[in-house]
Ligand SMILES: Cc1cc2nc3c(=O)[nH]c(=O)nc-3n(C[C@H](O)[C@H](O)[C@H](O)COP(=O)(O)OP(=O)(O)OC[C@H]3O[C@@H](n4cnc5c(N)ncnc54)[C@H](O)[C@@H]3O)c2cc1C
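Read the single chain below, which is given as structure tokens and is the form predicted on its own.
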């Protein structure tokens, strides 16, 4: 094993990790380095949507806005700390301006005003976009700046262990395995920025790019506290090429076609609606309200439930067909909102494809670039895991609440609550990177503990011991097992019976993985086997949190809980489809999950903090800032 020492280690090279590296360098922090599986991997670079949104403070015209107003909207969905929301809002403009200055092509008018539009859960026109690849544009601009600054980047490095000093409960670095050679390297660091993204590897039915799995389990292994793990987003997405079919993909009114195992086709949504017009108005609304939401049941999220029944319970495949309208399609019978939107968009045509060509030609070109021709084939879809609103618990500086010198930024940070404005995750990632960098730079030097090297050597020794034992398990089969378990019990349809059974299975699988050896494996298999351990632990934490949600808060946000004593959802569904109502009192609380005394995950709750209302005085704030008291 080789060993290196840094001031700050950044793990991950998505938009938030790259931003953290650039900001740290600009603040004079050195030496630092980015360790990553690859600059071309991860969710930020490989995902998008119809019009991928970046949510920021309003910067156009006369519409009034302020950090406190934005913070109030960020906490409106519930289970969000107000001080963290205020920090996200306050950092919105400098973080956004930083990206614009680096060349990210956010649209502005001739006067330099950055135009905006309303997104979901947004009372103002704060949203903006570069098109379907906003996050990719962000990554490319940040990577170019990273190279310009000659910041060290180590690729093909899989983090396999985080290092912690047990005496001070401080993160002191990580152990990495080289994907190509299997060689281990310990990196000791005064600070660790943890930018590993969301739990993409936990679900079988997922719109996370295949190159992204996530690594929150590494933090759970060393006892990091989590927040709101049960709160995730799910939505309709294509399977052959993983992409959200939101916005105009729905608004042009494609046909929903089911194909059974015998190849028989039918428009299955017709079974649930009283008329063709009612069905298409709901499909149109699904474009506006793309993520599944308990608050839209009944409503547009019924489309997700009907698709789930068709795919999961009936075992059929569901497709979007843009090639033709049904014979009974009548534009004049559609609702006023649907007609007005399509008319103002000049989206007329005799087929959904013709309407999509008028409204959003890049949406067609995107699929064509990935070998899918919407003019000649149907697009297979399912309801997929898309984003985790929860994650690791951190304070207003994005430092872990119980693990010092450890800064989770990006999706792995659980700063969001039950619901959030669309695109606010991008802002949170950039704002968190800014805040973590400022905190690290403001704390000056904080030397590593004297026993740091011994801790790293002990971690290596443990891994070497396991390498002496031949591996018995196939990591591919083991991963498929917990991914299918999460899609079955831990996705957007939840029940106490399913989650209880899944938890028992999860505990057994995790113990099995811990007892297996690591010997006789090729380098890539070695790293993936280790990855399975942290992913399996993560899914145990997620299922524990979901079980608590079922007992307490009920149906809310991106999921519903089924209960015999619940409210019937739709008369076209079986009797088991009864929704357990939400207990709104839990919107004022935060669910925490952490390792108990026996090492297994346990739940606790904390009350949400309100948005601060500081009434600062310039001379006082300036003095505190000059004297560095912000970080005391």
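Residue numbers count along the first chain shown, from 1. Given the structure is predicted, the values throughout are model-derived calculations rather than measurements.
Omitted here: the form predicted together with the ligand. The next part is about that form.
In the predicted complex, the ligand lies within 4.5 Å of some heavy atom of residue 386. Interface membership of residue 415, defined by any non-hydrogen atom within 4.5 Å of the ligand in the predicted complex, is ruled out. Though the partner is left out of this view, residue 569 does not reach within 4.5 Å of the ligand in the predicted complex, counting heavy atoms only. Contact between residue 433 and the ligand in the predicted complex is not found at the 4.5 Å heavy atom cutoff.
Just one listed stretch, out of 552-560, 442-450, 83-91, 191-199, contacts the ligand in the predicted complex at the 4.5 Å heavy atom level, and that stretch is 191-199. Think of it this way: in the predicted complex, the ligand has a heavy atom of just one of 316, 248, 300, 244 within 4.5 Å, and the residue is 244. Taking 394, 171, 218, 536 one by one, only a single residue has any non-hydrogen atom within 4.5 Å of the ligand in the predicted complex, and it is 218. Contacts between stretch 149-172 and the ligand, counted in the predicted complex as any heavy atom lying within 4.5 Å, involve 157, 158, 159, listed in sequence order.
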